[in-house]
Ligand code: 0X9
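This document opens with one chain alone, in structure tokens, the form predicted on its own.
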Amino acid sequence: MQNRPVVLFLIFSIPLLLAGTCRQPPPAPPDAGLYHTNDEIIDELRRLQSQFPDIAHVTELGESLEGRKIMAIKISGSPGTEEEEPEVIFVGGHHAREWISVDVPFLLAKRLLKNYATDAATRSLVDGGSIWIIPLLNPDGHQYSVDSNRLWRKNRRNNGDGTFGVDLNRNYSFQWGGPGSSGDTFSETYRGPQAFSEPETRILRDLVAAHNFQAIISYHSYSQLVLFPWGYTRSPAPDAVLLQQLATSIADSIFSIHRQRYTPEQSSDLYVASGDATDWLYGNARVPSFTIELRPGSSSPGFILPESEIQPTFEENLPAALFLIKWTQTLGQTTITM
């Protein structure tokens, strides 16, 4: 019996040894699959700037509430200098769950840069003006939708009452607090305590103040629509005829690719909304401003657009973006052949 302690030691040690040798690595953090997270967007933009330094310049515009970087890429014949030339801006990711609204403007930047050397039409557009692209304005909410709640909409403001989030697209100053926004912190359309209370919307405000943009597209999903001001009222905007013409041309250019119909209409025809980005830019500067509601056309699959739809959604929206860029560079012609 003198070997009994040794035997007992071995018996009780075996589970510990097995546990040590069979320990599984911790699960990988959630990711967005073929969609891009903010970290991936930042890496990709910097890679594009490295590949195309003569026509691409990446700028850190500021930080979100939780300290994430919000980035823009400027594409131009002279991206590091300020010139008197037409400027247009494309913005994605106001709403966290609308992942396709991030990838469409990112892929636009990628396509413009990669085609510059080989496609004369692309080269003409890039050399003829400045194209600004912010793929993701709401990185905190987007990451939360990746990590915790796929259908999260707002940013991640701690409202101090057990609720989180402000709807960034109700936080702009023009007609802030009007119909179609909510003062209830629990609401999906909570407008915040005051206009521009959020660092994310202030970032876009400050960029616009520093430039002379002639047009904007703000990407959202879903419904397949091309929306133009006003959103806060059902009354027509002063330039309603021009806005309708441009929206129709944008919708027609989208349809020409995969025959997907995007309906051009005044924003308030969808629903009344106050304090949104496109009303704000048009209301303050009379800049043609459009919201494109991307695929799908209905609530099935709604916000959770399959990855297989990323590329065709971008492909059909590419000529729409090119049309608007060219319009800003051709004295406002509304009928342009691309």
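Throughout, we count residues from 1 along the sequence that is shown. None of the values given here were measured: they were computed from a predicted structure.
What comes next is about the form predicted together with the named molecule, which does not appear here.
- Of the candidate stretches 246-254, 227-235, 202-210, 74-82, only 227-235 contains residues with a heavy atom within 4.5 Å of the named molecule in the predicted complex.
- Comment: the named molecule is not present in this chain, but in the predicted complex one of 34, 270, 304, 285 has a heavy atom within 4.5 Å of it, namely 270.
- Taken together, 39, 103 and 143 are entirely out of contact with the named molecule in the predicted complex: none brings a heavy atom within 4.5 Å.
- For residue 293, a non-hydrogen atom is located within 4.5 Å of the named molecule in the predicted complex, even though that partner is not displayed.
- Using a 4.5 angstroms limit between non-hydrogen atoms, residue 95 touches the named molecule in the predicted complex.
- Using a 4.5 angstroms threshold between heavy atoms, residue 221 counts as touching the named molecule in the predicted complex.
- Though the partner is left out of this view, residue 110 does not reach within 4.5 Å of the named molecule in the predicted complex, counting heavy atoms only.
- For the stretch 147-177, the set of residues having any non-hydrogen atom within 4.5 angstroms of the named molecule in the predicted complex comprises 153, 169, 170, in sequence order.
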